[in-house]
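Take a look at this one chain, the form predicted alone, written out in C-alpha coordinates.
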Amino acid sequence: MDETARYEHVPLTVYNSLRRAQEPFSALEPPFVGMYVCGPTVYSDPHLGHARSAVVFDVVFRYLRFLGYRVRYVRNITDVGHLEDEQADAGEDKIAKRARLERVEPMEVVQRYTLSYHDGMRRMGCLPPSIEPRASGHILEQIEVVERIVEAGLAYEADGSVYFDLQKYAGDAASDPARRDGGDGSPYGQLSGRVFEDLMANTRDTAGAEQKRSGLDFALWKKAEPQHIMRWRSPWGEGFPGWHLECTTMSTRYLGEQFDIHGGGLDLQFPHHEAEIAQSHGAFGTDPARYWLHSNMLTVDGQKMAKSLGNFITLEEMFTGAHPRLEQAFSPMVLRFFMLQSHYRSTVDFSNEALAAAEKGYQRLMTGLQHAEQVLADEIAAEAAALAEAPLERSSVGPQEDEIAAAGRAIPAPGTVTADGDHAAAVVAQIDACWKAMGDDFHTPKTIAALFELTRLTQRPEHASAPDELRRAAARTVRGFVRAVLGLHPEEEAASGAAPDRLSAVMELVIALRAEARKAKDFATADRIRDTLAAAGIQLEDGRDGTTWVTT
(Lines give C-alpha, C1' and ligand atoms only; values in the text may rest on other atoms or scores of the structure.)
Protein backbone atom coordinates (compact mmCIF):
# COMPACT_ATOMS: atom_id res chain seq x y z
CA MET A 1 0.00 0.00 0.00
CA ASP A 2 1.26 3.46 -0.96
CA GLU A 3 1.75 5.36 2.33
CA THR A 4 2.24 8.81 0.80
CA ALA A 5 -0.46 11.43 1.38
CA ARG A 6 -3.04 11.36 -1.38
CA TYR A 7 -2.85 15.12 -1.96
CA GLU A 8 0.55 14.49 -3.55
CA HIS A 9 -1.15 12.38 -6.25
CA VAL A 10 -4.76 13.55 -6.46
CA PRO A 11 -5.57 17.08 -7.71
CA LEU A 12 -8.19 19.24 -6.00
CA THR A 13 -9.82 22.33 -7.46
CA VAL A 14 -12.22 24.58 -5.54
CA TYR A 15 -14.54 27.38 -6.59
CA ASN A 16 -13.10 30.54 -5.06
CA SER A 17 -15.86 33.12 -4.55
CA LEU A 18 -13.23 35.85 -4.30
CA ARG A 19 -12.33 35.42 -7.97
CA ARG A 20 -15.51 33.69 -9.18
CA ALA A 21 -13.47 30.89 -10.68
CA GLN A 22 -12.51 27.32 -9.97
CA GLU A 23 -8.84 27.15 -9.00
CA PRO A 24 -6.33 24.47 -8.03
CA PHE A 25 -6.12 24.20 -4.26
CA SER A 26 -2.68 24.75 -2.80
CA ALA A 27 -2.14 24.90 0.97
CA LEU A 28 -0.05 27.71 2.42
CA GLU A 29 2.02 25.32 4.52
CA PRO A 30 1.32 21.71 3.51
CA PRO A 31 0.44 19.33 5.04
CA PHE A 32 -1.31 21.85 7.31
CA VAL A 33 -4.57 23.51 6.27
CA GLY A 34 -6.39 26.23 8.21
CA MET A 35 -10.14 26.50 7.66
CA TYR A 36 -12.54 28.93 9.33
CA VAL A 37 -16.32 28.59 8.99
CA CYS A 38 -18.94 30.97 10.36
CA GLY A 39 -20.97 29.08 12.95
CA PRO A 40 -24.43 29.61 14.42
CA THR A 41 -25.90 32.42 16.47
CA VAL A 42 -27.27 30.32 19.32
CA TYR A 43 -30.67 31.72 20.24
CA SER A 44 -32.98 29.01 18.82
CA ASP A 45 -33.04 25.31 17.96
CA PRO A 46 -31.03 24.14 14.93
CA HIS A 47 -32.94 24.05 11.65
CA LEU A 48 -32.42 22.85 8.09
CA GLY A 49 -30.28 25.86 7.19
CA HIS A 50 -27.86 25.11 10.02
CA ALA A 51 -27.65 21.49 8.86
CA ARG A 52 -26.95 22.38 5.22
CA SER A 53 -23.96 24.56 6.07
CA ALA A 54 -22.62 22.14 8.68
CA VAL A 55 -22.84 19.12 6.35
CA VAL A 56 -21.17 21.01 3.48
CA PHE A 57 -18.13 22.01 5.49
CA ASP A 58 -18.02 18.70 7.34
CA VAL A 59 -17.48 17.04 3.95
CA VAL A 60 -14.79 19.62 3.06
CA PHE A 61 -13.09 18.90 6.41
CA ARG A 62 -13.35 15.15 5.83
CA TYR A 63 -12.07 15.18 2.26
CA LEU A 64 -9.08 17.37 3.03
CA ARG A 65 -8.13 14.91 5.77
CA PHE A 66 -8.85 12.01 3.37
CA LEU A 67 -6.24 13.54 1.06
CA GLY A 68 -3.75 13.55 3.93
CA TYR A 69 -3.87 17.18 5.01
CA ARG A 70 -3.74 17.98 8.72
CA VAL A 71 -6.67 20.35 9.07
CA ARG A 72 -7.33 22.85 11.82
CA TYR A 73 -11.05 23.49 11.44
CA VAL A 74 -12.28 26.51 13.42
CA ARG A 75 -16.03 27.18 13.65
CA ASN A 76 -17.24 29.93 15.95
CA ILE A 77 -20.23 30.25 18.24
CA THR A 78 -21.83 33.72 18.08
CA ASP A 79 -23.11 34.47 21.57
CA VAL A 80 -23.03 38.28 21.53
CA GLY A 81 -23.19 41.19 19.09
CA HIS A 82 -25.60 39.83 16.46
CA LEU A 83 -28.31 42.51 16.36
CA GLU A 84 -31.79 42.15 14.87
CA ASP A 85 -31.13 44.73 12.11
CA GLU A 86 -27.77 43.67 10.70
CA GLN A 87 -27.59 46.33 8.00
CA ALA A 88 -28.26 49.27 10.31
CA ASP A 89 -26.42 47.95 13.40
CA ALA A 90 -29.65 48.48 15.30
CA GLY A 91 -32.18 46.63 17.38
CA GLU A 92 -31.73 44.21 20.24
CA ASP A 93 -29.04 41.59 20.52
CA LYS A 94 -30.77 38.38 19.35
CA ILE A 95 -29.59 36.41 22.36
CA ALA A 96 -30.37 39.17 24.86
CA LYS A 97 -33.88 39.47 23.41
CA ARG A 98 -34.52 35.73 23.84
CA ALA A 99 -33.18 35.94 27.40
CA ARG A 100 -35.50 38.85 28.15
CA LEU A 101 -38.53 37.06 26.74
CA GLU A 102 -37.76 33.86 28.62
CA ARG A 103 -36.66 35.73 31.76
CA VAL A 104 -33.32 33.93 32.00
CA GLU A 105 -29.67 34.95 31.82
CA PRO A 106 -28.27 35.38 28.27
CA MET A 107 -25.69 32.66 28.90
CA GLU A 108 -28.50 30.26 29.80
CA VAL A 109 -29.87 30.84 26.32
CA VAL A 110 -26.39 30.34 24.85
CA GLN A 111 -25.79 27.11 26.75
CA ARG A 112 -29.16 25.58 25.94
CA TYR A 113 -29.02 26.24 22.21
CA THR A 114 -25.32 25.46 21.87
CA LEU A 115 -26.02 22.01 23.30
CA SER A 116 -29.05 21.66 21.02
CA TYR A 117 -26.93 22.61 18.00
CA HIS A 118 -24.19 20.16 18.94
CA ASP A 119 -26.70 17.34 19.36
CA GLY A 120 -28.35 18.09 16.03
CA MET A 121 -25.05 18.19 14.14
CA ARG A 122 -23.84 15.00 15.84
CA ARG A 123 -26.99 13.19 14.73
CA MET A 124 -26.43 14.53 11.23
CA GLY A 125 -23.04 12.80 11.21
CA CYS A 126 -20.94 15.97 11.41
CA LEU A 127 -17.56 15.76 13.11
CA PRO A 128 -16.82 18.43 15.72
CA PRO A 129 -14.46 21.21 14.62
CA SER A 130 -10.89 21.30 15.89
CA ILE A 131 -11.60 24.54 17.80
CA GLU A 132 -14.98 26.11 18.58
CA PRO A 133 -14.40 29.56 20.11
CA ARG A 134 -17.14 31.81 21.48
CA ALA A 135 -17.29 35.53 20.76
CA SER A 136 -17.78 36.37 24.45
CA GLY A 137 -14.56 34.55 25.28
CA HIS A 138 -12.45 36.80 23.03
CA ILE A 139 -13.52 40.31 24.03
CA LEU A 140 -9.97 41.51 24.82
CA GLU A 141 -8.66 40.29 21.46
CA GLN A 142 -11.55 42.01 19.68
CA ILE A 143 -10.77 45.30 21.41
CA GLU A 144 -7.14 44.96 20.27
CA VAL A 145 -8.25 44.46 16.65
CA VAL A 146 -10.44 47.59 16.87
CA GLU A 147 -7.49 49.56 18.21
CA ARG A 148 -5.33 48.44 15.28
CA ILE A 149 -7.99 49.52 12.77
CA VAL A 150 -8.33 52.90 14.50
CA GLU A 151 -4.53 53.34 14.38
CA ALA A 152 -4.62 52.59 10.65
CA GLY A 153 -7.04 55.50 10.21
CA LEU A 154 -9.91 53.33 8.99
CA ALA A 155 -12.24 53.67 11.99
CA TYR A 156 -13.67 56.50 14.05
CA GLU A 157 -15.23 56.82 17.50
CA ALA A 158 -18.62 58.48 17.98
CA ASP A 159 -20.25 58.76 21.42
CA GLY A 160 -18.82 55.51 22.75
CA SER A 161 -19.25 53.50 19.53
CA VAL A 162 -16.57 52.78 16.93
CA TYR A 163 -17.40 52.48 13.23
CA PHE A 164 -15.39 51.29 10.24
CA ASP A 165 -14.91 54.16 7.78
CA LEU A 166 -15.92 52.31 4.65
CA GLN A 167 -15.92 55.27 2.31
CA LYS A 168 -12.32 56.11 3.20
CA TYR A 169 -11.24 52.48 2.90
CA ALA A 170 -12.92 51.85 -0.45
CA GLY A 171 -12.37 55.26 -1.97
CA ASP A 172 -8.70 55.83 -1.20
CA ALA A 173 -6.24 53.01 -1.91
CA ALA A 174 -3.52 54.85 -0.01
CA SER A 175 -5.56 54.51 3.17
CA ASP A 176 -5.61 50.71 2.91
CA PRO A 177 -2.43 49.02 4.21
CA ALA A 178 -3.07 46.12 1.83
CA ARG A 179 -3.24 48.32 -1.30
CA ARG A 180 -0.68 51.04 -0.78
CA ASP A 181 1.88 49.43 -3.05
CA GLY A 182 0.17 49.43 -6.41
CA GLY A 183 -3.25 48.03 -5.47
CA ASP A 184 -5.81 48.46 -8.22
CA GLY A 185 -9.45 49.35 -7.59
CA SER A 186 -11.68 48.96 -4.56
CA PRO A 187 -11.54 45.64 -2.75
CA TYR A 188 -14.94 46.28 -1.18
CA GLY A 189 -17.56 44.37 -3.13
CA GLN A 190 -15.08 42.07 -4.87
CA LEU A 191 -16.30 39.01 -2.97
CA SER A 192 -20.02 39.59 -3.41
CA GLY A 193 -19.91 41.35 -6.77
CA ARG A 194 -21.37 44.56 -5.36
CA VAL A 195 -20.32 47.93 -6.80
CA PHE A 196 -19.35 50.33 -4.02
CA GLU A 197 -20.65 53.42 -5.82
CA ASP A 198 -24.05 51.76 -6.29
CA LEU A 199 -24.16 50.81 -2.63
CA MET A 200 -23.37 54.38 -1.66
CA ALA A 201 -26.09 55.75 -3.95
CA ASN A 202 -28.65 53.45 -2.34
CA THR A 203 -27.75 54.63 1.17
CA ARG A 204 -27.70 58.38 0.64
CA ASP A 205 -30.99 58.78 2.48
CA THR A 206 -29.50 57.21 5.61
CA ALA A 207 -25.98 58.60 5.34
CA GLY A 208 -25.14 60.37 8.57
CA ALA A 209 -27.98 58.71 10.47
CA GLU A 210 -27.15 58.64 14.17
CA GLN A 211 -23.36 58.81 14.61
CA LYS A 212 -22.36 57.20 11.30
CA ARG A 213 -20.59 59.22 8.63
CA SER A 214 -22.09 56.90 6.01
CA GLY A 215 -24.97 54.50 6.01
CA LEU A 216 -22.59 51.76 4.85
CA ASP A 217 -20.23 52.14 7.82
CA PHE A 218 -20.54 49.21 10.19
CA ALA A 219 -19.98 48.96 13.91
CA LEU A 220 -16.77 47.53 15.30
CA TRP A 221 -17.82 48.37 18.87
CA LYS A 222 -21.25 49.47 20.05
CA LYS A 223 -22.01 51.59 23.09
CA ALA A 224 -24.23 49.71 25.52
CA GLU A 225 -27.45 51.51 26.39
CA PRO A 226 -28.56 51.37 30.05
CA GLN A 227 -30.97 48.49 29.40
CA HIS A 228 -28.39 46.41 27.51
CA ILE A 229 -27.49 43.31 29.54
CA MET A 230 -24.32 42.11 27.79
CA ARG A 231 -21.55 44.74 28.17
CA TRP A 232 -17.80 44.96 28.64
CA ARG A 233 -15.36 47.75 29.48
CA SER A 234 -13.34 49.21 26.63
CA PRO A 235 -11.25 52.34 25.83
CA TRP A 236 -14.48 53.86 24.45
CA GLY A 237 -16.69 53.04 27.43
CA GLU A 238 -18.92 50.08 28.24
CA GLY A 239 -20.22 48.27 25.20
CA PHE A 240 -20.07 45.12 23.12
CA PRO A 241 -18.34 44.03 19.88
CA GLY A 242 -19.88 44.21 16.43
CA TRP A 243 -21.00 40.98 14.79
CA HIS A 244 -18.45 41.12 11.94
CA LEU A 245 -15.53 41.75 14.29
CA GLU A 246 -15.66 38.42 16.10
CA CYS A 247 -14.92 36.34 13.00
CA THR A 248 -11.92 38.47 12.02
CA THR A 249 -10.60 38.19 15.56
CA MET A 250 -11.11 34.47 16.14
CA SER A 251 -10.04 33.31 12.67
CA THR A 252 -6.73 35.16 12.89
CA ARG A 253 -6.28 34.21 16.56
CA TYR A 254 -6.26 30.50 15.75
CA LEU A 255 -5.19 30.38 12.09
CA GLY A 256 -2.91 33.40 11.62
CA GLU A 257 -3.35 36.66 9.75
CA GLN A 258 -3.72 34.75 6.49
CA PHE A 259 -5.04 31.20 6.21
CA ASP A 260 -6.26 28.77 3.57
CA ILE A 261 -10.07 28.57 3.54
CA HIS A 262 -12.93 30.70 4.83
CA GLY A 263 -16.40 29.17 4.51
CA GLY A 264 -19.98 30.04 5.21
CA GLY A 265 -23.45 30.35 3.74
CA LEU A 266 -24.07 32.43 0.63
CA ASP A 267 -26.25 34.76 2.72
CA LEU A 268 -23.12 35.79 4.66
CA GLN A 269 -21.20 36.96 1.59
CA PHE A 270 -22.60 40.46 2.01
CA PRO A 271 -22.18 42.30 4.25
CA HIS A 272 -20.57 39.93 6.76
CA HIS A 273 -17.69 38.49 4.73
CA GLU A 274 -17.06 41.75 2.89
CA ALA A 275 -16.73 43.40 6.31
CA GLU A 276 -14.32 40.70 7.46
CA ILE A 277 -12.04 41.38 4.49
CA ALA A 278 -12.13 45.13 5.15
CA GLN A 279 -11.33 44.61 8.85
CA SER A 280 -8.37 42.36 8.02
CA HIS A 281 -7.03 44.94 5.59
CA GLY A 282 -7.25 47.59 8.31
CA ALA A 283 -5.85 45.50 11.16
CA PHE A 284 -3.31 43.26 9.42
CA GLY A 285 -2.80 44.69 5.94
CA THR A 286 -3.83 41.53 4.12
CA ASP A 287 -6.75 39.46 2.87
CA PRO A 288 -7.62 36.93 5.58
CA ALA A 289 -8.24 33.84 3.42
CA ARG A 290 -6.90 32.64 0.08
CA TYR A 291 -10.02 30.66 -0.81
CA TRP A 292 -13.62 31.64 0.00
CA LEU A 293 -16.20 28.83 -0.20
CA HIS A 294 -19.94 29.50 0.05
CA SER A 295 -22.80 27.01 0.35
CA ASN A 296 -26.00 27.96 -1.43
CA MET A 297 -29.45 28.56 0.00
CA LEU A 298 -32.23 26.10 0.69
CA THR A 299 -35.91 26.29 -0.09
CA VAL A 300 -38.96 24.32 1.02
CA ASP A 301 -41.36 23.38 -1.78
CA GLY A 302 -39.79 26.10 -3.90
CA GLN A 303 -40.12 28.86 -1.28
CA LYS A 304 -37.49 30.42 0.94
CA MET A 305 -37.65 28.93 4.43
CA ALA A 306 -39.23 31.46 6.81
CA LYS A 307 -41.33 31.30 9.96
CA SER A 308 -43.85 33.70 8.41
CA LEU A 309 -44.51 31.22 5.57
CA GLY A 310 -45.07 28.30 7.93
CA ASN A 311 -42.32 26.25 6.31
CA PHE A 312 -39.60 26.81 8.91
CA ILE A 313 -38.55 23.29 9.94
CA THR A 314 -36.22 22.45 12.82
CA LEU A 315 -34.12 19.29 12.81
CA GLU A 316 -36.16 17.78 15.63
CA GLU A 317 -39.34 18.32 13.61
CA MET A 318 -37.68 16.69 10.62
CA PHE A 319 -36.56 13.66 12.64
CA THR A 320 -39.97 13.18 14.32
CA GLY A 321 -42.25 14.29 11.49
CA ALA A 322 -43.91 16.76 13.87
CA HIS A 323 -44.48 19.52 11.33
CA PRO A 324 -47.61 20.11 9.22
CA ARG A 325 -45.56 20.27 5.99
CA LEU A 326 -44.10 16.79 6.56
CA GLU A 327 -45.90 13.60 5.51
CA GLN A 328 -43.52 11.42 7.55
CA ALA A 329 -40.39 11.57 9.70
CA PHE A 330 -37.01 11.47 7.97
CA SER A 331 -33.91 10.15 9.70
CA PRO A 332 -30.67 12.14 10.04
CA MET A 333 -28.78 9.93 7.58
CA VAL A 334 -31.52 10.20 4.96
CA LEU A 335 -31.49 13.98 5.38
CA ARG A 336 -27.69 14.04 5.04
CA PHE A 337 -27.82 11.83 1.94
CA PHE A 338 -30.49 14.10 0.47
CA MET A 339 -28.31 17.17 0.99
CA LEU A 340 -25.28 15.47 -0.56
CA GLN A 341 -27.25 14.70 -3.72
CA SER A 342 -26.93 18.40 -4.59
CA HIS A 343 -23.64 20.21 -5.11
CA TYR A 344 -22.92 22.59 -2.26
CA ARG A 345 -23.09 25.62 -4.57
CA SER A 346 -26.55 24.62 -5.82
CA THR A 347 -29.87 25.45 -4.20
CA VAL A 348 -31.49 22.59 -2.29
CA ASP A 349 -35.28 22.35 -2.39
CA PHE A 350 -36.90 20.25 0.33
CA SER A 351 -40.10 18.37 -0.46
CA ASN A 352 -41.68 15.20 0.83
CA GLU A 353 -41.35 13.55 -2.59
CA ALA A 354 -37.65 14.37 -2.92
CA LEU A 355 -36.89 13.16 0.60
CA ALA A 356 -38.82 9.92 0.05
CA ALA A 357 -36.79 9.29 -3.10
CA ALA A 358 -33.59 10.03 -1.18
CA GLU A 359 -34.59 7.47 1.44
CA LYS A 360 -34.61 4.76 -1.23
CA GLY A 361 -31.28 5.92 -2.64
CA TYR A 362 -29.72 5.93 0.82
CA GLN A 363 -30.86 2.34 1.50
CA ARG A 364 -29.44 1.26 -1.85
CA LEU A 365 -26.08 2.80 -0.99
CA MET A 366 -26.08 1.14 2.43
CA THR A 367 -26.64 -2.24 0.77
CA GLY A 368 -23.59 -1.58 -1.40
CA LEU A 369 -21.63 -0.60 1.72
CA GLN A 370 -22.56 -3.84 3.46
CA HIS A 371 -21.38 -5.91 0.49
CA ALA A 372 -18.07 -4.02 0.53
CA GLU A 373 -17.57 -4.52 4.25
CA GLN A 374 -18.18 -8.26 3.90
CA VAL A 375 -15.19 -8.39 1.53
CA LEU A 376 -13.15 -6.45 4.11
CA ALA A 377 -14.39 -8.32 7.20
CA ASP A 378 -10.88 -9.37 8.25
CA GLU A 379 -9.49 -5.83 7.84
CA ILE A 380 -12.39 -4.30 9.77
CA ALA A 381 -11.93 -6.77 12.62
CA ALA A 382 -8.21 -5.93 12.79
CA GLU A 383 -9.01 -2.20 12.85
CA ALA A 384 -11.48 -2.70 15.68
CA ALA A 385 -8.95 -4.67 17.69
CA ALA A 386 -6.28 -1.99 17.20
CA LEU A 387 -8.67 0.76 18.27
CA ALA A 388 -9.72 -1.18 21.35
CA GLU A 389 -6.08 -1.48 22.42
CA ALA A 390 -5.39 2.26 22.16
CA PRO A 391 -8.63 4.09 23.04
CA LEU A 392 -6.87 7.14 24.49
CA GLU A 393 -5.13 7.90 21.20
CA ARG A 394 -8.38 8.35 19.27
CA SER A 395 -9.74 11.76 18.34
CA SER A 396 -12.31 12.58 15.65
CA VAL A 397 -10.83 16.05 15.09
CA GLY A 398 -7.32 15.13 14.06
CA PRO A 399 -5.35 12.37 15.81
CA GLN A 400 -1.67 11.75 15.21
CA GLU A 401 -2.67 8.75 13.08
CA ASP A 402 -5.71 10.15 11.32
CA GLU A 403 -8.08 7.29 10.55
CA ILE A 404 -9.70 9.32 7.76
CA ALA A 405 -6.31 9.91 6.13
CA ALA A 406 -5.56 6.20 6.54
CA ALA A 407 -8.81 5.36 4.73
CA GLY A 408 -7.68 7.61 1.87
CA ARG A 409 -4.28 5.93 1.64
CA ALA A 410 -5.96 2.51 1.49
CA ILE A 411 -7.54 3.43 -1.86
CA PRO A 412 -5.33 3.40 -4.96
CA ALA A 413 -4.68 6.81 -6.47
CA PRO A 414 -5.93 7.34 -10.03
CA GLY A 415 -3.84 5.63 -12.65
CA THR A 416 -2.05 3.27 -10.27
CA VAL A 417 -4.08 0.06 -10.77
CA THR A 418 -3.52 -2.22 -13.76
CA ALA A 419 -6.83 -3.35 -15.27
CA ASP A 420 -6.84 -6.74 -17.02
CA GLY A 421 -10.09 -7.20 -18.94
CA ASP A 422 -13.28 -5.22 -19.49
CA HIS A 423 -14.75 -5.80 -16.04
CA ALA A 424 -11.55 -4.82 -14.23
CA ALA A 425 -11.23 -1.73 -16.42
CA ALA A 426 -14.80 -0.71 -15.59
CA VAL A 427 -14.17 -1.14 -11.85
CA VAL A 428 -10.94 0.86 -11.95
CA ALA A 429 -12.67 3.60 -13.93
CA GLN A 430 -15.25 4.04 -11.16
CA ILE A 431 -12.57 4.06 -8.44
CA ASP A 432 -10.86 6.85 -10.35
CA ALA A 433 -14.24 8.56 -10.88
CA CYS A 434 -14.76 8.86 -7.11
CA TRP A 435 -11.45 10.69 -6.75
CA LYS A 436 -12.14 12.86 -9.79
CA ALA A 437 -15.62 13.84 -8.56
CA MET A 438 -14.50 14.90 -5.09
CA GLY A 439 -11.50 16.67 -6.61
CA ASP A 440 -13.93 18.69 -8.73
CA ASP A 441 -14.88 21.22 -6.05
CA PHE A 442 -16.17 18.53 -3.64
CA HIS A 443 -18.80 17.34 -6.14
CA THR A 444 -20.77 14.93 -3.94
CA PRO A 445 -23.57 14.18 -6.49
CA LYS A 446 -21.00 12.88 -9.00
CA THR A 447 -19.30 10.93 -6.20
CA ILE A 448 -22.56 9.26 -5.22
CA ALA A 449 -23.26 8.38 -8.87
CA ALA A 450 -19.80 6.80 -9.18
CA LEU A 451 -20.36 4.82 -5.97
CA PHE A 452 -23.69 3.50 -7.23
CA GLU A 453 -22.05 2.34 -10.46
CA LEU A 454 -19.12 0.81 -8.57
CA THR A 455 -21.39 -1.14 -6.21
CA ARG A 456 -23.39 -2.36 -9.23
CA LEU A 457 -20.22 -3.66 -10.85
CA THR A 458 -19.02 -5.39 -7.67
CA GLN A 459 -22.27 -7.36 -7.46
CA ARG A 460 -21.97 -8.77 -10.98
CA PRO A 461 -21.10 -12.52 -11.28
CA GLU A 462 -17.71 -11.85 -12.92
CA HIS A 463 -16.58 -9.78 -9.94
CA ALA A 464 -16.52 -12.88 -7.73
CA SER A 465 -13.67 -14.30 -9.85
CA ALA A 466 -11.76 -11.00 -10.11
CA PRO A 467 -8.29 -10.78 -8.51
CA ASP A 468 -8.38 -10.29 -4.74
CA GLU A 469 -6.41 -7.04 -5.05
CA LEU A 470 -9.08 -5.54 -7.32
CA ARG A 471 -11.96 -6.76 -5.15
CA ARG A 472 -10.39 -5.23 -2.04
CA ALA A 473 -9.55 -1.97 -3.83
CA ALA A 474 -13.18 -1.63 -4.90
CA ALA A 475 -14.45 -2.46 -1.42
CA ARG A 476 -12.06 -0.01 0.25
CA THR A 477 -13.19 2.68 -2.19
CA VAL A 478 -16.84 2.16 -1.33
CA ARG A 479 -16.18 2.03 2.39
CA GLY A 480 -13.77 4.97 2.38
CA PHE A 481 -15.86 7.35 0.31
CA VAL A 482 -19.19 6.42 1.93
CA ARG A 483 -18.08 6.45 5.56
CA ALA A 484 -15.00 8.68 5.76
CA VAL A 485 -15.77 11.26 3.07
CA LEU A 486 -19.57 11.45 2.80
CA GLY A 487 -20.04 10.66 6.50
CA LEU A 488 -22.86 8.17 5.82
CA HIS A 489 -23.44 5.00 7.81
CA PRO A 490 -26.31 2.58 8.55
CA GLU A 491 -28.99 4.10 10.76
CA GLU A 492 -28.89 1.20 13.22
CA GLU A 493 -25.36 2.16 14.24
CA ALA A 494 -26.47 5.60 15.40
CA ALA A 495 -29.67 4.25 16.97
CA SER A 496 -27.93 1.55 18.99
CA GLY A 497 -24.75 3.47 19.75
CA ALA A 498 -22.88 0.33 18.74
CA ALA A 499 -19.49 0.36 17.10
CA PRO A 500 -19.70 -0.15 13.31
CA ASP A 501 -18.24 -3.64 13.54
CA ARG A 502 -20.40 -4.96 16.39
CA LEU A 503 -23.28 -6.24 14.25
CA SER A 504 -20.74 -7.76 11.86
CA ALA A 505 -19.17 -9.66 14.76
CA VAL A 506 -22.57 -11.05 15.81
CA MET A 507 -23.36 -12.06 12.24
CA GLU A 508 -20.03 -13.83 11.87
CA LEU A 509 -20.97 -16.00 14.86
CA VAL A 510 -24.47 -16.72 13.50
CA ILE A 511 -23.09 -17.61 10.06
CA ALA A 512 -20.50 -19.91 11.66
CA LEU A 513 -23.25 -21.70 13.65
CA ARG A 514 -25.32 -22.13 10.49
CA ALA A 515 -22.27 -23.51 8.64
CA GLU A 516 -21.72 -26.07 11.42
CA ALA A 517 -25.39 -27.10 11.21
CA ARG A 518 -25.15 -27.59 7.45
CA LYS A 519 -21.92 -29.58 7.83
CA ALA A 520 -23.69 -31.86 10.33
CA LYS A 521 -26.58 -32.15 7.81
CA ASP A 522 -28.90 -30.44 10.33
CA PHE A 523 -30.69 -28.56 7.53
CA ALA A 524 -33.72 -27.79 9.67
CA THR A 525 -31.59 -25.68 12.04
CA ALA A 526 -29.70 -24.06 9.14
CA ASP A 527 -32.98 -23.13 7.44
CA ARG A 528 -34.45 -21.83 10.69
CA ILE A 529 -31.44 -19.52 11.16
CA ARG A 530 -31.79 -18.25 7.59
CA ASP A 531 -35.58 -17.73 7.85
CA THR A 532 -35.39 -16.03 11.26
CA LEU A 533 -32.78 -13.60 9.97
CA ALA A 534 -34.87 -12.93 6.86
CA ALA A 535 -37.87 -12.09 9.05
CA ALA A 536 -35.65 -9.64 10.94
CA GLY A 537 -34.59 -7.94 7.70
CA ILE A 538 -31.22 -9.67 7.21
CA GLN A 539 -30.65 -11.73 4.07
CA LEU A 540 -27.95 -14.41 3.83
CA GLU A 541 -26.22 -14.93 0.50
CA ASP A 542 -24.18 -18.10 -0.13
CA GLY A 543 -21.32 -17.63 -2.60
CA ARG A 544 -17.92 -18.88 -3.67
CA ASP A 545 -16.16 -17.10 -0.80
CA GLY A 546 -18.66 -18.27 1.81
CA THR A 547 -21.81 -16.73 3.22
CA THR A 548 -22.36 -12.96 3.33
CA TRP A 549 -25.29 -10.92 4.62
CA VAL A 550 -27.12 -7.70 3.82
CA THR A 551 -30.01 -5.88 5.46
CA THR A 552 -33.21 -5.60 3.38
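Residues carry their position along the shown sequence, with the first being 1. Heads up, when I say rigid core I mean the largest set of C-alphas that superpose within 1.5 Å between the two forms. The structure presented is a predicted model; accordingly, all values stated were derived computationally and were not measured.
Just so you know, the form predicted together with the RNA exists too; it's not on screen, but the next bit is about it.
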| query | finding |
| --- | --- |
| Candidate stretches 229-237, 103-111, 339-347, 276-284 - the one whose heavy atoms come within 4.5 Å of the RNA in the model of the complex | 339-347 |
| Distance check, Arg518 to the RNA in the model of the complex, heavy atom within 4.5 Å | yes |
| Non-hydrogen atom contact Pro271 with the RNA in the model of the complex at 4.5 angstroms | yes |
| Touches the RNA in the model of the complex: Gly264 (any heavy atom, 4.5 Å) | yes |
| The RNA contact in the model of the complex: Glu23, any heavy atom under 4.5 Å | no |
| The unique member of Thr252, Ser136, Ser130, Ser192 whose heavy atoms fall within 4.5 Å of the RNA in the model of the complex | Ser192 |
| Selected contact from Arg460, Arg472, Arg325, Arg122, since only one has a non-hydrogen atom within 4.5 angstroms of the RNA in the model of the complex | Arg460 |
| Complete contact of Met297, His443 and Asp542 with the RNA in the model of the complex (any heavy atom, 4.5 Å) | yes |
| Residues in 449-478 close to the RNA in the model of the complex, defined by a heavy atom within 4.5 Å, in order | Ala449, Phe452, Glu453, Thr455, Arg456, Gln459, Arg460, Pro461 |
| CA of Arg528, rigid core aligned, shift of 2 Å or more between this form and the one not shown | yes |
| Pairwise C-alpha change, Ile529 versus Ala464, in the model of the complex against this form - closer or farther, 3 angstroms or more | farther |
